[in-house]
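Below, in structure tokens: the form predicted alone, a single chain.
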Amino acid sequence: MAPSIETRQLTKSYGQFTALSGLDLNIQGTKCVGFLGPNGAGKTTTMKILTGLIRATEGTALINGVDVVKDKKAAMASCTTIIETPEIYPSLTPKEALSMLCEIRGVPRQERSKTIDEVLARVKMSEWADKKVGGFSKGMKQRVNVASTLLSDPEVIILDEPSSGLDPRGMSEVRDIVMSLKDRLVFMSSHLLAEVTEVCQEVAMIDHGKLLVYDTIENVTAKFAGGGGAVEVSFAGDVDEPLRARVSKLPGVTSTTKSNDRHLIVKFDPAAVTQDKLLESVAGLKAGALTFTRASGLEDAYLSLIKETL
């Protein structure tokens, strides 16, 4: 049977606030699916429900056809996850930390040493296997976290922004690892649309707790990427609303959307302003703009589907 993730009318409310509203999603087969949406759209809430960390207000969540609420142990037997940014005890080595997880997950004692060596090799951490984690960079720790998801040879892997907070080398290393997992079903949330384009075959976009689209990247791009131009601008500090408003008022700008805390996708009308003039205008704001990257078709589709951030 092919691995699967399914939600049926999944709803989660916190008092008067609805984080998820009737989410229907059915993912089948081995592939990587990007889970996209602005901050507060419901991505992490969905993943926490799928892994049994919180309960839905209404609806059903299934992993490989097993209801997570009715039989969490069976549902999670073939699924592993990294939600948010888990920490590893700094006094432990990767081998010691993974050995502890092997025991928790029921990996047979006689197989543990070989399994740990194999997963550390897969994430290129073999030479650090006996060094204390406390001295590791964030990227190295994240590679150990990814290694932990592979200990029980899972069919389904759920990753919540696995590249968040990493430097460019760390992001590249995590992307390479995820790309090597195409023999599994990987469900990965991310704010980095270029990363999703590179790593994933399909995308599901949600906003305000509702599913907007689920399809292949090619189909989403062909259907929703509109005309005009777009660039992604990275800033030295967080993009707050006053900065976004200043960029929005520049000549030729038609819309702005945060792709993460320090990145802003700026859509513009090429008939009103050329790209180089737009970049000059953004730099002229003296707001700490660092890089400018031409937006991809997926970014255009994202802007078309998600009109405003929360």
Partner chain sequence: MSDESKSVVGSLAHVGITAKYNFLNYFRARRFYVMLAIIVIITGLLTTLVGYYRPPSFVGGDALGFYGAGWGSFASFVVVLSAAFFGGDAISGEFQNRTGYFLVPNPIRRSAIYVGKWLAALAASTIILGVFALAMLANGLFYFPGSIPWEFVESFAFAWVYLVAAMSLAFAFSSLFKSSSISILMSVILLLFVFNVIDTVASLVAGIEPWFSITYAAGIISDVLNVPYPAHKVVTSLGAGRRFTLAQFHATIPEGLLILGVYFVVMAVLGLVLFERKEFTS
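In this text, the rigid core denotes the largest set of C-alpha atoms whose superposition between the two forms falls within 1.5 Å. Just so you know, these numbers come straight off a predicted model, no measurement behind them. Numbering follows the first chain given and starts at 1.
Not on display, but discussed next: the form predicted together with its partner chain.
Checking 49-57, 256-264, 280-288, 32-40 against its partner chain in the predicted bound form, the stretch whose residues place heavy atoms within 4.5 Å of it is 49-57. Heavy atoms of S163 never reach within 4.5 Å of its partner chain in the predicted bound form, leaving it off the interface.
At the 4.5 Å threshold, heavy atoms of M100 reach its partner chain in the predicted bound form.
Of the heavy atoms in E155, some are within 4.5 Å of its partner chain in the predicted bound form.
Its partner chain is not drawn, but in the predicted bound form it has a heavy atom within 4.5 Å of I104.
The partner is absent here; in the predicted bound form, the one residue of D215, E111, E198, D240 having a heavy atom within 4.5 Å of its partner chain is E111. With the partner omitted here, the residue from S172, S126, T85, S234 that has a non-hydrogen atom within 4.5 angstroms of its partner chain in the predicted bound form is T85. Although its partner chain is not shown here, in the predicted bound form the stretch 164-184 places heavy atoms of just one residue, D183, within 4.5 Å of it. With the core superposed, Q142 shows a C-alpha displacement of at least 2 Å between this form and the one not shown. Shown in the overlay between this form and the one not shown, fitted on the rigid core, is a CA shift at A194 smaller than 2 Å. Shown in the overlay between this form and the one not shown, fitted on the rigid core, is a CA shift at L120 of 2 Å or greater.
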